[in-house]
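Heads up, the chain below is alone and in the form predicted alone; it's given as structure tokens.
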């Protein structure tokens, strides 16, 4: 069953703040194989004009994808998560994520499409720090595969 188009434009409440820690940044940088010193060395980050270590650009995926869970778990939307695969991810950064940031994410359903029986859902996550500064926008595309017949 196709998802309800009336959900396009629906915005969900901001998440609780996520505090970005140096160790989480270091672990993420190691996991993605990025050895840039600004991710692990506060002095290297300061030499580049940052107040503390910064995160690799895709670091925010972990918090924006979690925030998209508000959409996925909305019982009124009726998305069958057991059939969902991650289709795409994009980011537009205003500034790097930094250690010490306390970030919230506000998720909005941008589009819902049906294609060959699959539902395609685009979710925009606006990430702000505790001062209200816009840090990054993330777009997540989810594909709910069509149920097998028979």
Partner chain sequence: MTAKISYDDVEVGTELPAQTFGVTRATLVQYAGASGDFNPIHWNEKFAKEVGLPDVIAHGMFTMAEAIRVVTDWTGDPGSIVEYGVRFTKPVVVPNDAEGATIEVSAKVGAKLDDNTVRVDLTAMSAGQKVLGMSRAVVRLA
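Since the structure is predicted, the reported quantities are computational estimates derived from the model, not experimental observations. Numbering follows the first chain given and starts at 1.
Only in words, not in the display: the form predicted together with the partner chain, which the text now covers.
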**OP:** Decide yes or no: are 20, 68 and 128 jointly within 4.5 Å of the partner chain in the predicted bound form, with each residue judged by its heavy atoms?
**Re:** no
Original post:
Within a 4.5 Å heavy atom cut-off, is residue 51 in contact with the partner chain in the predicted bound form?
Top reply: no
Original post:
Does the partner chain come within 4.5 Å of any heavy atom of residue 10 in the predicted bound form?
Top reply: no
Subject >> the partner chain contact at residue 41 in the predicted bound form, heavy atom, 4.5 Å >> reply: no
Original post:
Can residue 134 be called a contact residue for the partner chain in the predicted bound form at 4.5 Å between heavy atoms?
Top reply: no
**OP:** Could you list the residues in 25 to 41 that come within 4.5 Å of the partner chain in the predicted bound form, counting only heavy atoms and keeping sequence order?
**Re:** 27, 28, 30, 31, 32, 33, 34, 36, 38, 39
